[in-house]
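Only one chain is given next, in structure tokens, and it is the form predicted alone.
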């Protein structure tokens, strides 16, 4: 059995990590939960008044809030599998050895070095319906000019394209690292046995890459639920709330309209959706493993 001095020494060594966990993880969550149950006093600035579930009840009655939830879910249903599949395809490509592969690897890594705000500004110029590069290319192909970011039907998919251009290369790195751990001996043995490229991919590569894929999917989901910059810089949640996701709605509610309690309630709803989605992803992964 461990002596008291060993136990105390262990706690002392863990104390900095536990303190950091409490300060940077537990306290912000607890403060968010409490703040979502309060409202700000207009009489005494900074004073919180406990109102219970009133903020949540108001949200449930707000049709714009429900539309925002639907936009957030629709965005994540599309962007998460799209980014993971594209990142996996690029990882398979950069994992090959052929002449000029160094140039392609450099080309795919360029978006990582560009910050998201700068990427949004560049893409806004390119998607300008009057003088943008994309519409100029479409005109050369005799395709009519497209409204892109000012279209209710196209704006969200433009956000998907911009966020994917920026994020896919980053997720590709993790999958590429996972591919490096796939034993080449297995690939060569399967090739000798007559297995084609698709069979090797489905029976060897994917089963051995499940953990990196799960990590990328879960992390990508969390990141995209918090996607904010493109909406802030490009669309303002519009047109007609077509890009108004929960994170941007929380920002507007708290810092534009000054309803911090309601904004924190939106954050709690978003956190619940993220946790539920991640749990479902882990459960599906476990079922495939069993």
Partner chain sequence: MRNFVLGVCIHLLYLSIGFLFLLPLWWALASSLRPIDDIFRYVSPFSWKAFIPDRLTLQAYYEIFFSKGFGLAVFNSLLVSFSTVVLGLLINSLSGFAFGVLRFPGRNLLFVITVLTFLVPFEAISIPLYTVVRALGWLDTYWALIIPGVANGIVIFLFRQFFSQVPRELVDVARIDGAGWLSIYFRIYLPLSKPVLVSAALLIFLFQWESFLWPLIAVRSENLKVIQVALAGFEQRYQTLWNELFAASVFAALIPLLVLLPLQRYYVQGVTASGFKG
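Residue numbers count along the first chain shown, from 1. Superpose the two forms; the largest set of C-alphas matching within 1.5 Å is the rigid core. All figures in this text were calculated on a predicted structure; none of them were measured in a lab.
As for the form predicted in complex with the partner chain, it is not shown, yet the points below apply to it.
The stretch that touches the partner chain in the predicted bound form, counting heavy atoms within 4.5 Å, is 129-137, out of 70-78, 190-198, 129-137, 152-160. Of the residues given (222, 49, 53, 64), 222 alone sits with a heavy atom within 4.5 Å of the partner chain in the predicted bound form. Heavy atoms of every residue among 18, 31 and 170 are located within 4.5 Å of the partner chain in the predicted bound form. Proximity of residue 27 to the partner chain in the predicted bound form: non-hydrogen atoms within 4.5 Å are present.
Residue contact check for residue 82: none of its heavy atoms lie within 4.5 Å of the partner chain in the predicted bound form. A residue is said to contact a partner when one of its heavy atoms sits within 4.5 Å of a partner heavy atom; residue 273 fails this definition for the partner chain in the predicted bound form, lying far away. Taking the partner from elsewhere, residue 211 is found to have a heavy atom lying within 4.5 Å of the partner chain in the predicted bound form.
Taking the partner chain as positioned in the predicted bound form, the residues of 5-24 that bring a heavy atom within 4.5 Å of it are, in sequence order, 5, 6, 7, 9, 10, 11, 13, 14, 16, 17, 18, 20, 21, 23, 24. The Cα position of residue 21 differs by 2 Å or more between this form and the one not shown after fitting on the rigid core. Superposition on the rigid core between this form and the one not shown places the CA atom of residue 9 2 Å or more away from its counterpart.
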